[in-house]
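Here you get one chain, nothing else, as structure tokens; it is the form predicted alone.
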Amino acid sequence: MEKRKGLISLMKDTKLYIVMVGLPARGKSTVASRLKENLKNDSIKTRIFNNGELRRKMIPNDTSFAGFYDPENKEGMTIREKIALINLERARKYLQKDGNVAIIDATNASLKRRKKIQAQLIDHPILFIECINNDEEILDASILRKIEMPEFEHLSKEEAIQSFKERISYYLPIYTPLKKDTYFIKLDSLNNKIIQEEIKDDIPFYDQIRDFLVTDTLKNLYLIRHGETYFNLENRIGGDSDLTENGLLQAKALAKFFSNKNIPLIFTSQKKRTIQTAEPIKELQKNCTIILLAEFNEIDSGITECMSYEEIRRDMPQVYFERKKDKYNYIYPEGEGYASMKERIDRGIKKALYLSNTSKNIMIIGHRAANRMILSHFLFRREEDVPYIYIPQDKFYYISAVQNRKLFQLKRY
């Protein structure tokens, strides 16, 4: 008991500023939110000070127009500097009291801004975390998420996208990557991979922070297989079949089951059967977006696409029996296999986690083989067992994978 009291007392005196760095829509807020949640789970008192949120509270007028962020716009610059200083002061006061970690969530893209931060926050160590992601597809999807904020609601979708891209363009000339004169971590924020780090002294909570940054975590993932299709009835593989009447009823049942949960994002493959399963769910949600990811497409069965298993056995016995010998590593002629799907499925998961931002609930509607690979990403299975994971159409998998706990449940709807 005395030892525990000593640890709690020591933690109260341990303080750290984390300063996020990076161009807009690079995952800074997602990383900050994940850090906060995981640190709090370790009883480390953490708070995020987000410049954008403060701006929207202080200035209810339109700040969505790109010119507000033009470095030549002196009025806009003055307002943004004022907001930054207010947040720094709030962060400092938070650590003066009982807070342990204050996360400054903003672009902090220029060297000038970061020097001001270092001059202002001299009472405790500062760890800079730079988020880097140059994947154009993900950037476009991130922008689509950003323009859903109320400040863009008076603009058309095209106008909002153009405005946000112009905003990014104003940051590019002043953006200076972190260098060796500070303590920092450079993070590939899509793949949760540390690119570079400079840590010269002991940074408080550094081991936990580093571990959190490279670990895939999700609070609530609902992994669903599409409803029944006409190809399912004929035992055919692949293709792009529609849902049957029963499949549509399954989709409506799913929609009703999840109607009392907030599902802001549904990720599907590009196939009709997953989209048709997602649409009724979206209809019963207040604010829900369906995002199609090619990474979640079903296994490409090559020359056997659209054939039934009986037809393959009869007409292509070599394919049928060779695959039975090693289902995981077998590659369909002119197609793929479980082993070759792994890279794209892992990439799809990274995209879904990245784009889900701070959403507590994520839904993926996929296919039998694709969902097996998604499950195996979070749940250890020997490779030879992955192609036999049970993926029914009348149940779904619930997955919660956080730092200290993993939960997998197969639930009926």
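Throughout, we count residues from 1 along the sequence that is shown. Note that the structure is a prediction, hence the values are computed from the model and not measured.
We do not show the form predicted in complex with a small molecule, though everything after this point is about it.
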Report whether all of 257, 261 and 362 sit within 4.5 Å of the small molecule in the model of the complex, measuring from non-hydrogen atoms.
no
Could you tell me which one of 36, 347, 368, 55 places a heavy atom within 4.5 Å of the small molecule in the model of the complex?
368
Which one, 327, 145, 92, 186, lies within 4.5 Å of the small molecule in the model of the complex by heavy atoms?
327
Which is the contacting stretch out of 207-215, 261-269, 231-239, 98-106, given heavy atoms within 4.5 Å of the small molecule in the model of the complex?
231-239
Quick check on residue 131: any heavy atom within 4.5 Å of the small molecule in the model of the complex?
no
Within 4.5 Å, heavy atoms only: does residue 296 come near the small molecule in the model of the complex?
no
Would you please decide whether residue 171 lies within 4.5 angstroms of the small molecule in the model of the complex, comparing each non-hydrogen atom pair?
no
Does residue 167 reach the small molecule in the model of the complex if we count a contact as any heavy atom within 4.5 Å?
no
